[in-house]
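Below you'll find only one chain, the form predicted alone, shown as structure tokens.
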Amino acid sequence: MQVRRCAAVFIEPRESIDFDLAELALGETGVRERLGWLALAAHCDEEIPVDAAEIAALGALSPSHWQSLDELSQRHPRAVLEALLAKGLLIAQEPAEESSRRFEQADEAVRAVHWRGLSAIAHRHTRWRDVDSEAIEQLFAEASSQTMLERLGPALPVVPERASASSRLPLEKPSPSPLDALMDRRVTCRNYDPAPLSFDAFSAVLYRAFGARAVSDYAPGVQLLKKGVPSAGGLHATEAYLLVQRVEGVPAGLYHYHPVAHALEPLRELDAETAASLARRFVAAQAYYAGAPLQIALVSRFERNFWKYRNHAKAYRAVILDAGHLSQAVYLAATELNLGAFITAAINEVGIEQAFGLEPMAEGPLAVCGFGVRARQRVTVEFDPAHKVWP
């Protein structure tokens, strides 16, 4: 059997604390501290407990060259190698067992995209699965009567002043312009009208935020897009995947937006109940965002960005910036039409991946945004300190 170490793995020393009633009965504190090692691999969702012998073996195994398991057994205990195979940290070439085949396929998916190891680990292990933010808030409220300031301590100053007021160089504010008026009304919306969004408004915001204004044949076999936002290398590797609930002329369902054709690609039609359930799941049960007429998952095609920026220390940061640029474009395009918009990074990435059939290390959601007609009454608090939306 030929084996090699998985593409990217990091070892973390972890301390866990639990409570032992037996020790408490003996007059001790009852608090027990446990130290251990965990392996975090780019191709596995789970944190994998490992021991010192397994760590030592991992450090001596090549992630790039296939080696004979029998030959490696002459330098490392066979039981240690077998344990690493079972845990998916040692990858077998063309294995017969189904579990080993899953590890090999997942590891190959990471390798094919040319991830930087640290970025791959961070992306894989910061994804949420079935998180319910409302339930968590309720647990916090029940567990403690402390206010936010009491629990977290004093907030940092709104501005980190680096010089005295007398030494500042005053700047002239520009004369008010239509852009100023638009940006003044750019407020995150948490209250949406239950009526369907008009098709024209839906189409206009999608085009202005995500549509391609030009396609450039940059080099033989290499096309770049011109959009209304910047993107690393002109690659525009972040796609819009839509969950539509209430848009005139568009059946409720899952879609992919084609930025060059300015068209929706239907993926799956949904009934109203299923669409509402998915919307709540996508945004980790944030009810005010689940109530929007549509959600847009900002899905980065890591494989497109990393095709150029291979194993690059800044590549993952660049795709995160893409999501920020696109969300601001959604806000401005929606605000111009007197619509409300939102973005949230508190999302259940795993649920979104499953719904749209995405391979997480090749295409992954970084945030969810959306827009729609703002409700006439403000039921849920919105941050509008300039009072441009709510009097």
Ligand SMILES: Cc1cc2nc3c(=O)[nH]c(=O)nc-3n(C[C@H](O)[C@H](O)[C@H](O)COP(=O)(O)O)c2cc1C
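Note that this is a predicted model, so its numbers are computed, not measured. Don't overthink the numbering: it's just position in the shown sequence, from 1.
Note that the form predicted together with the named molecule isn't included here; everything after this is about it.
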query: The named molecule contact at R190 in the predicted bound form, heavy atom, 4.5 Å; finding: yes
query: Partner contact for F302 in the predicted bound form: the named molecule, 4.5 angstroms, heavy atom; finding: no
query: F19, heavy atom within 4.5 angstroms of the named molecule in the predicted bound form; finding: no
query: In the predicted bound form, Q67 touching the named molecule (heavy atom, 4.5 Å); finding: no
query: Options 286-294, 173-181, 99-107, 209-217; stretch whose heavy atom lies within 4.5 Å of the named molecule in the predicted bound form; finding: 286-294
query: The named molecule: the contacting residue among I48, A346, A362, L337 in the predicted bound form [heavy atom, 4.5 Å]; finding: A346
query: Candidate from K87, R280, R186, K308 lying within 4.5 Å of the named molecule in the predicted bound form - any heavy atom; finding: R186
query: Contact set, 298-332 vs the named molecule in the predicted bound form - heavy atom within 4.5 angstroms; finding: Y331
